[in-house]
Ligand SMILES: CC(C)(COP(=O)(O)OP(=O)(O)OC[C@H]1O[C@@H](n2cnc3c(N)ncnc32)[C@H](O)[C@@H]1OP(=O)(O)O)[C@@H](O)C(=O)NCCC(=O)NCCS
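Below sits a lone chain in structure tokens, taken as the form predicted alone.
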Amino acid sequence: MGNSVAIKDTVVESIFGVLPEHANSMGMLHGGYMMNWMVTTAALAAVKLSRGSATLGALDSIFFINPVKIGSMVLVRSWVEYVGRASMEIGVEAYSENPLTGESSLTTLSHMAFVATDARGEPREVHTKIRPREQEREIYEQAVKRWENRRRSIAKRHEYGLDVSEYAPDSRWRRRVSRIVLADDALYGEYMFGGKMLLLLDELAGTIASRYCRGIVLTGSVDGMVFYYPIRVGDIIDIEVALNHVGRTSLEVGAKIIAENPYTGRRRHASTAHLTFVHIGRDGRPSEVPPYRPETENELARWREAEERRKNRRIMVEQLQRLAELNKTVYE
């Protein structure tokens, strides 16, 4: 028989120091490291509550509000907002702090879904449930809605997993790399850790963005992702990244991940991601991006889809302040 806890009782915190190895040539933190730290802390909350291993199943959009510089400290907080049978809705936010002045600012926040897994990698039941305090009620209800929406999208996971077609076969700006998933890419058991995947995606997509701009770029956001198929240690992963859209000072790069079993040759679509980058000039400020005109049918289709995502991002950015204020109720 399970028990129940308040959202506040599930909070975990991690602190990371921003070192030169985490930053670009202008001393600003790479978004991939921040995402890896966020997923790591969210995984701690999931593992602690479920008393066992947990795998990242999906994440909501992540927006990088303020840049973080070398020498800063990053505080990441995470908590469990809702528990289904085997899944957990996790809230996560990150603050950067200047250790010399003590000043801190919100860097980013998001929500993620983790699935508790057994030794074979199969979903297992989580017996501890969430019983929100009165001031946590709105957070809990929103988490339930996200969980219900994810269930509908997961219903098509098998269908999406079979799509192993190329992402941008005729793109003039694309790159494809392959690598083997090693044991140090996993956190628990035999599955690749989601934070490692996001770190890798940010690095590869950033190379396309930087080459196109002929300059330095910073990660601006990562759209919501669903993992359709688990990536195991020993798998070969093919990651294709391609330029989708160009704005005045920003651009979007898409990425598609295919996992291949080296013994059988079976290939599955693991996930697709869309990352935005901001071109940074030598003065450290946003700088104009060279113009780009889509020409082929595939380029035009991806451009139009990126335009829709751009509109949705603007709406979500407007909601961030409200979400940040709501998250504070966890600590009251």
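This is a predicted model, so every value here is computed, not measured. The first residue of the sequence shown is number 1, and the count goes up from there.
There is also a form predicted together with this ligand; it is not shown, and the following applies to it.
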Quiz item: Between the options R179, R176, R133, R85, which residue brings a heavy atom to within 4.5 Å of this ligand in the model of the complex?
Solution: R85
Quiz item: Given that this ligand is left out here, which of R151, R211, H127, K156 has a heavy atom within 4.5 Å of it in the model of the complex?
Solution: R151
Quiz prompt | Stretch from 94-102, 185-193, 73-81, 137-145 whose residues place a heavy atom within 4.5 Å of this ligand in the model of the complex | solution = 185-193
Practice problem: Answer with yes or no whether P67 is in contact with this ligand in the model of the complex, where contact means some heavy atom within 4.5 Å. | Solution: no
Self-check item: Non-hydrogen atom contact T117 with this ligand in the model of the complex at 4.5 angstroms
Solution: yes
Practice problem: Decide whether A45 counts as a contact residue for this ligand in the model of the complex under a heavy atom distance cut-off of 4.5 Å. | Solution: no
Quiz item: Taking the shortest heavy atom distance, is Y160 within 4.5 Å of this ligand in the model of the complex?
Solution: no
Exercise. Heavy atoms within 4.5 Å of this ligand in the model of the complex is the criterion; list the residues of 54-80 that meet it.
Key: T55, L56, G57, A58
